[in-house]
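Same chain, two versions here, written out as structure tokens and called structure 1 and structure 2.
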Structure 1
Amino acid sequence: MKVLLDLFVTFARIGVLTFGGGYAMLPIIQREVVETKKWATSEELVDYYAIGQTTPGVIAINTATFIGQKTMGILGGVVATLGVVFPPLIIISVIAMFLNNFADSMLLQNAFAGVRVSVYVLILNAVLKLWKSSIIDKVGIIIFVAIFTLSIFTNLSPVVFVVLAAIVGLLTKMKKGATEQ
């Protein structure tokens, strides 16, 4: 019960602190889940993002479900997910109720233009941390550079990249296994 409550509160906090979607959530998850609570490792977080991007649904939700389920089973998955959607549910409903011209406020626009810059830097920091645990050899560097470039210059779905990378991973390991024997 205590862990479930902890899951809900932690993911609600992550939900409040996330500005701009699943990628912006990454630095906050890294701090709260990997470093503070130690519910998942950096490697597992990368795995969850890979799966979250290829399966239906919003990445933020998928990642929350994964970590919750890993910590406390199915119920944990449900509770973590409800936690992450709880703050926006309240905030957005209040905005929809009272403030029709919320997005027009100059003060808020300035504040969020500033917030966006910090979100970029935090994502960059998160990527640098993930780099250490996810890219361990030359094949990793090649996969990273190829997919980074392709995903910037083409409109291919992330699903294509993830499937290709999985195949490359399988083939590389099989080849390595064959030469070792």
Structure 2
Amino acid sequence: MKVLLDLFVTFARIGVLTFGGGYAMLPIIQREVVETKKWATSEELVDYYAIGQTTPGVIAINTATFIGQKTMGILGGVVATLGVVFPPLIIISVIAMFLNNFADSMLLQNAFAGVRVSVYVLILNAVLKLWKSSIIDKVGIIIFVAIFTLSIFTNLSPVVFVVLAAIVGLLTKMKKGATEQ
């Protein structure tokens, strides 16, 4: 029961303290889940991000579900998901009640502009942390350049990118295994 409460409180804190959506939560999830709680390794977390990106839903919610399930089974997944969703749901409901009254406020518009800038920085921070743990060899760099280029010049689904990268990773590993034998 203590671990379930810890899952809920940890993900509720992540949910309440993060503005800017799922990607902005990634550095906080990294710190809490890998460094503080040790519920997952950096490599596992990158895998959860990849799976969370290709499955329906928000990446942070999917990641919370995966971590909760890994930690305490299905009930842990449900509790972690509720933890990350509950605070923003309350905050959004309160904001929605008052937003129309202040939507034209220059003060509010300037505040949102400041929040947007900080969200971009948080997302960049998450990208850099993921880069350090994901791009570890020449194959990783080649996959990165190929997927980055495809994402700029095509409208392909992220699922296609993940599947292509997985296939290249598998083929590379199989080729290395065949070479070593």
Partner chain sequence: MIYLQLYYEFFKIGLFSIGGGLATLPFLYDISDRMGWFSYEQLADMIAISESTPGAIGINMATYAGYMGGGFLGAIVSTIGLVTPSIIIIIMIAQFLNRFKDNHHVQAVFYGLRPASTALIAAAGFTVITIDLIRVELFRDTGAITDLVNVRALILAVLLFYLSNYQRTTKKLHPVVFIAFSALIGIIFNFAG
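None of these values were measured; they are calculated from a predicted model. Whichever C-alpha set is largest while still superposing within 1.5 Å between the two forms counts as the rigid core. Every residue number counts along structure 1's sequence, beginning with 1.
Comparing the two isolated copies of the chain, the second one is the form predicted on its own.
Taking the core as the reference frame, the CA atom of I92 shifts 2.9 angstrom between structure 1 and structure 2.
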